[in-house]
Ligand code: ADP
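Only one chain is included here, represented as structure tokens and corresponding to the form predicted on its own.
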Amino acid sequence: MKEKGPITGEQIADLLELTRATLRPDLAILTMSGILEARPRVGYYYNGRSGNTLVARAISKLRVKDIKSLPVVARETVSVYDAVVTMFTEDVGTLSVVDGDGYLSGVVSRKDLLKIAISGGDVHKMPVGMVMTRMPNIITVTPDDTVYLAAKRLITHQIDALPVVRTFVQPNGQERLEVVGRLTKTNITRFFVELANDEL
């Protein structure tokens, strides 16, 4: 293609000593993946882009709201023990912690809870608000952020999940965050598996 393009399907078939029908699926895949371009009455030609074009396009279009999971939250006042129970019954590795008004105030991970359990603290009496990571040290995403941005934040900050939030500005001008979902490494992995299945 690099040397002879643009070239028709018939010409390619003749050069390779194959039938056009045999080549059709291969040409379709190469065109869909963005490696080849096809123009009517002109033929196929190599466009110089990599084979990752299809994946790159899918990722650039995909938004957090398209693959996020339901939020799993705990109140600041619940005990560390109850937070552990919630984490295991919901099968999650991170909980979003909300204040009395239901707005995001922190995040607690398995690692945070394990530290308290190992240190000998009374997990039945200690509120989760004492062990969580507090605002503004929480990394979040919005429903309209790209999945690429979310994945980059997960990797950069070495965390397993991000609260998906909407911002509310109160009458006094203070910004509060409502938790509307969670975005995890599992969400992103599932998307890649589904994308591959669609293309196989």
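Here the structure is a predicted model, which is why all the values come from computation and not from measurement. From 1 onward, residues are counted along the sequence shown.
Although it is not shown, the form predicted together with adenosine-5'-diphosphate (ADP) is what the next lines describe.
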Looking at L36, V165, I159, V147, which is the one with a non-hydrogen atom within 4.5 Å of adenosine-5'-diphosphate (ADP) in the predicted complex?
I159
Stretch from 165-173, 61-69, 130-138, 37-45 whose residues place a heavy atom within 4.5 Å of adenosine-5'-diphosphate (ADP) in the predicted complex
130-138
Exercise: S109 in contact with adenosine-5'-diphosphate (ADP) in the predicted complex, heavy atom 4.5 Å:
yes
